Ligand SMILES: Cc1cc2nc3c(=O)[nH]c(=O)nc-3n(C[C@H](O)[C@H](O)[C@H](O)COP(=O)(O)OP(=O)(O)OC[C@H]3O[C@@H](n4cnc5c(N)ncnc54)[C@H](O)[C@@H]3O)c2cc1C
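Just the one chain here, the form predicted alone, laid out as structure tokens.
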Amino acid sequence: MSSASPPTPTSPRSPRNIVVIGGGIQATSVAFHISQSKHLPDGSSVTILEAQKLANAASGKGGGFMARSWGDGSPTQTLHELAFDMYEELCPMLGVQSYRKLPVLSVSPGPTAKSRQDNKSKNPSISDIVPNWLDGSVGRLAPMGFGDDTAQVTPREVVERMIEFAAIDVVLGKCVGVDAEVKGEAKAVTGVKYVDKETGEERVLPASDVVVSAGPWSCNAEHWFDGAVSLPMDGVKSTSIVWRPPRDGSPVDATALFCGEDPRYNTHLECYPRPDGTIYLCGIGGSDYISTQQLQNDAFLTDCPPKEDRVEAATASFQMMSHAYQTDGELLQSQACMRPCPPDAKPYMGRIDGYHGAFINAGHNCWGIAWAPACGKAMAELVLEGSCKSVNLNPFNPSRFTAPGSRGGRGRKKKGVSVGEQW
């Protein structure tokens, strides 16, 4: 579905040294699918370069909800559908225990009341999906899904299982640039420069190909590739909380909640019970928007603290809905992370113009975890086969915000790649 690749400087079957920058579920999925592809030449290497630790940001703190049919008909619809189906096959293969399908309820805020409510009896037509722990004050309940096309997974577990299954090498260090040499009208990637996390020394990973997949911090690639691509990005920094399992060991019913705006607390909670008995909450409100320049200065890369006032608001809002957690609930953790948002809310997926062996896969907004298998598969096809067959990448062109004069190469058709109307 994407244009043919420009010729690479080496034979198609020569060993490749592929470096994926980033350690979240998107980067790991790219590395995993490349490593498992029959098109990866013998003797090749696949390495993840991560600045902090695996699943350090959103992939270690996200809810992990996915919905096959919840796309809006835009070009990302394929990512919803393909990834949902892939998770169902991948998770058993990888031994992921946290994956399961689950129903979803829409919940309107109820009156201010702290007494126990029998919300199952009040909603007999859907009583089988009203969870026992939803026993507080709520308004209208309506089903949004019965578990056929809605599911969840704990993203950190997926990252860990993919790394283990594929035996992918992981290097901890912060990328500071890319080495490249001139090859005709373009440059060819030869290495990735990084500062070793443990020693602080600058080193180089030999690379025939590099895939930038570092979440909101992927906008640093503007500098790594000498301005050949413009990657405007906002980081939306949001707080989330996790509740401990019940003290008495009782099961936690598996129904996710999407709650309406509650003006008392300025929340619109999303509640995801997990198989381990914890309940994850986001939609807490009070998000901060972090600019491209701030991200390029590593804002919140090493430390991303939650907002305590939002933790308190989410706690109060949740306990209004759940008498069980009001009387016997205990927070396990509060945290914050960022989702990466390009101006048009579409991801950057494709080649970086003017370079052989340079790709980007970033900016997946709030669906990065849900789309990860599809994005990994798509990028593996592009890197190893020269074109992507499973997803139409044209709407996600990384150069769509790049001024024509800034792009690599000259303003004409470049070695088989249609440059389109922007030229």
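Start at 1 and count along the sequence shown; that's the residue number. Remember, it's a predicted structure, so these values are computed and weren't measured experimentally.
The next section is about a form of this same protein that is not shown, the form predicted together with the ligand.
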Check whether M338 has any heavy atom within 4.5 Å of a heavy atom of the ligand in the predicted bound form, and answer yes or no. yes
Is there any non-hydrogen atom of F225 lying within 4.5 Å of the ligand in the predicted bound form? no
Any chance N394 has a heavy atom within 4.5 Å of the ligand in the predicted bound form? no
Answer for V138 alone: is it within 4.5 Å of the ligand in the predicted bound form, judged on heavy atom distances? no
Check each of Y348, W133, F84, Y280 and return the one that places a heavy atom within 4.5 angstroms of the ligand in the predicted bound form. Y280
Among the candidate residues G354, P373, G357, G62, which is the single one with a non-hydrogen atom no more than 4.5 Å from the ligand in the predicted bound form? G62
Exactly one stretch in 181-189, 207-215, 99-107, 162-170 has heavy atoms within 4.5 Å of the ligand in the predicted bound form; which is it? 207-215
The ligand is absent from this chain, but in the predicted bound form, do V229, P342 and M379 each have a non-hydrogen atom within 4.5 Å of it? no
Let me know which residues along 22-36 have a heavy atom within 4.5 Å of the ligand in the predicted bound form, or say none if there are none. G22, G23, G24, I25, Q26, A27
